[in-house]
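In structure tokens, one chain follows: the form predicted on its own.
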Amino acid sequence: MRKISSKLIMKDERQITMLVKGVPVTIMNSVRRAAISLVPTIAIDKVYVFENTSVMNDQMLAHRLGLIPLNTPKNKYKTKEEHDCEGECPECTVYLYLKAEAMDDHVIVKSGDITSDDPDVYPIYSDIEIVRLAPGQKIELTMSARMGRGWEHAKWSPVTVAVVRGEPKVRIFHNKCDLCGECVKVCPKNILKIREDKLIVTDIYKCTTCMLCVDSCPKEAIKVDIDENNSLIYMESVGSLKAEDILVSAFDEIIRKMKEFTKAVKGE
């Protein structure tokens, strides 16, 4: 039986990196795909235009609004699968509003000008430019936002980057190394250092296995390899969810899919 273990390498609000030993890259890739397309977030789905005298047409304006990342409160709103309603209701929908007018000078309308019925649902970034209004121009909109998944549209995908790769392995043959420093100069990640008359790797997980150090070494004192039986997974959040919540939710979505598959096989 394969022994599985995990190690948290780096985590903050927007990024997470983990090493999962005993799980091949081909299997862990399903987690990456789930993070991109299955983890639900909230995004603007419909835009009701009451007035728009700007130079931007209604369709383009609605498209730009839909792509503004919104904060997604956990377990507060339901997805289509969890909630069966014919239209929009408080359990699955939150309303946002945007009203702006240029009087005597030009006005730049930004995401921070959007207001919401729910203080927990708001634009993550307040400085996203939506439209510029010339004097006399005006927009007045109501937007409905709902939970959705990345497979429906990219605006519901919670990640900007999701990568899975094998665990990098760097082996240094100290009996061959003459500390010429050529590998240190060419390393794009600056993870090779000479300390106390010895060549060392300061952060193996930053290694991109580009092989520049191997190619530059005249003594063949470095060997770089990739162990694809262990998986290094990195995710970067759009901001609607914390990076760690995305990773956990990706596993939850895979488990949900597996249960659905099991029921289908049993004919339940």
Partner chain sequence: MEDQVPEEENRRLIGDLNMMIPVRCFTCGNVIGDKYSKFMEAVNKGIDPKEALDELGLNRYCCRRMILSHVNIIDQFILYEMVRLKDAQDI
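Numbering follows the first chain given and starts at 1. Owing to the predicted nature of the structure, the values given are computational and were not obtained by experimental measurement.
The next section is about a form of this same protein that is not shown, the form predicted in complex with its partner chain.
- The contact with its partner chain in the predicted bound form, taken as any heavy atom within 4.5 Å, belongs to His106 out of His106, Lys193, His174, Lys80.
- Only one of Val184, Val121, Val131, Cys92 comes within 4.5 Å of its partner chain in the predicted bound form through a heavy atom, and that residue is Val131.
- Heavy atoms within 4.5 Å of its partner chain in the predicted bound form belong, among the stretches 176-184, 160-168, 72-80, 92-100, to residues of 160-168.
- Using a 4.5 Å cutoff between non-hydrogen atoms, Arg64 counts as a contact of its partner chain in the predicted bound form.
- In the predicted bound form, none of the heavy atoms of Asp117 sits within 4.5 Å of a heavy atom of its partner chain.
- For the chain shown alone, Cys210 is not a contact residue for its partner chain in the predicted bound form, no non-hydrogen atom being within 4.5 angstroms.
- Taking the partner from elsewhere, Tyr125 is found to have a heavy atom lying within 4.5 Å of its partner chain in the predicted bound form.
- Proximity to its partner chain in the predicted bound form holds for none of Ser144, Arg146 and Ala250, with the criterion being a heavy atom within 4.5 Å.
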